[in-house]
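Quick heads-up: it's one chain on its own, the form predicted on its own, in structure tokens.
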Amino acid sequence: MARETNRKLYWSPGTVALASHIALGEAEVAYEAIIVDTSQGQQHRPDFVALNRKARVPVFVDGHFVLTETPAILRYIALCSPEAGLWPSDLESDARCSEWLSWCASTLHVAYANVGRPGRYLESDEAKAELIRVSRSTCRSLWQQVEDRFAALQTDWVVGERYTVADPYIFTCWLWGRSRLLEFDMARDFPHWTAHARRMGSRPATLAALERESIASP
């Protein structure tokens, strides 16, 4: 049973906030999920900007403590619920978990965002089209790098035999691969990564988060 809490997660459908939803479910933390529909520009509302001047989701609120950035939120969730074992305890695994989170945030996520939101950086239609084309190609290369990492793993999860908060983040990237923006054939082209995604899809916390966002399970 989830513990009572005054925690809140501000999120938008189809975004990286899914990883935080899954982690909160794994940690059995009760929280209020507050939609900020970025497709409607709600992240620019004055009340939300007052909470997060970056105008991005997710935002996690724990009482008076406000936290942004997915790697930080995932680590905070894990460390707030140590009994769930979502963050590694040994030094090397700790570093490896941070490595996966950083790679997702600084590289995979950025490349995918360039496909979906070229207007963040460019104004002309020609320049936007070029960025989309190049970013799709970049995503294909990056997704292959992830597949190669999974092919070399000897464990079910990305940081050894124990599930960590790095797993829902890389799972979210897998979902982006099959999205309408990239339309990769994930099962055919990235079978080892897809095997991980299907293991994720068998977990109750993942299924609950996917149902909330009306996303089909792998």
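From 1 onward, residues are counted along the sequence shown. Please read all numbers here as calculations on a predicted model, not as lab measurements.
Heads up, the form predicted together with a further copy of the same chain isn't pictured, but that's what we're talking about next.
- Contact annotation for the candidate site: 206, 211 and 214 all lie away from a further copy of the same chain in the predicted bound form (no heavy atom within 4.5 Å).
- You can rule out all but one of 25-33, 158-166, 48-56, 181-189: in the predicted bound form, only 48-56 has residues with a heavy atom within 4.5 Å of a further copy of the same chain.
- Not displayed here, a further copy of the same chain is approached by residue 111 to within 4.5 Å at the level of heavy atoms in the predicted bound form.
- Contact check for residue 153: every heavy atom lies farther than 4.5 Å from a further copy of the same chain in the predicted bound form.
- Residue contact with a further copy of the same chain in the predicted bound form: residue 84 places no heavy atom within 4.5 Å of it.
- a further copy of the same chain in the predicted bound form is approached by residue 96, whose closest heavy atom lies within 4.5 angstroms of it.
- Taking a 4.5 Å heavy atom cutoff to a further copy of the same chain in the predicted bound form, the contacting residues in 107-132 are 107, 110, 111, 114, 120, 121, 122, 123, 124, 127, 130, 131.
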